[in-house]
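Only one chain comes next, encoded as structure tokens, the form predicted alone.
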């Protein structure tokens, strides 16, 4: 399960993706539109800015905006920035590997092998799905069209 922080980040970035090229958006606008607690959103957006995903402008007409086009930002990238590794177990994580203390032999551990497949399939989908795709799927769903078209 993804963290609430990651979910809020995805929701906020989807708003900024829909508004891409129209200028900065105020935190309060995003928070109200997506029902995200403003103080939590401030921390999330600041973190994403510090990681280079967002830019901000101060003063009148200021706010946050995407640092690059929505089609060049993947959902996997966002989740790793806000929630950490995609792996369900630390022994299969590429970014936060840690050996399981009770494991006798990682090479032959059936649980690890299955969880590695899960991690790989999950990463493939999330890394191939961009913010632009996320927005498009939402728009298609609003029109009553099937928006779930992906393969593993």
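Positions refer to the first chain, counted from 1. From a predicted model like this one, the values you see are computed outputs, not experimental measurements.
Omitted here: the form predicted together with the DNA. The next part is about that form.
Of the heavy atoms in residue 110, none are within 4.5 Å of the DNA in the model of the complex. Contact check for residue 70: every heavy atom lies farther than 4.5 Å from the DNA in the model of the complex. Interface membership of residue 25, defined by any non-hydrogen atom within 4.5 Å of the DNA in the model of the complex, is confirmed.
Proximity of residue 38 to the DNA in the model of the complex falls within the 4.5 Å heavy atom cutoff. A heavy atom within 4.5 Å of the DNA in the model of the complex is found for exactly one of 93, 33, 51, 56: 56.
If you take 51-67 and check each residue for a heavy atom within 4.5 Å of the DNA in the model of the complex, you get 56, 57, 58, 59, 60, 61, 62, 63, 64, in sequence order.
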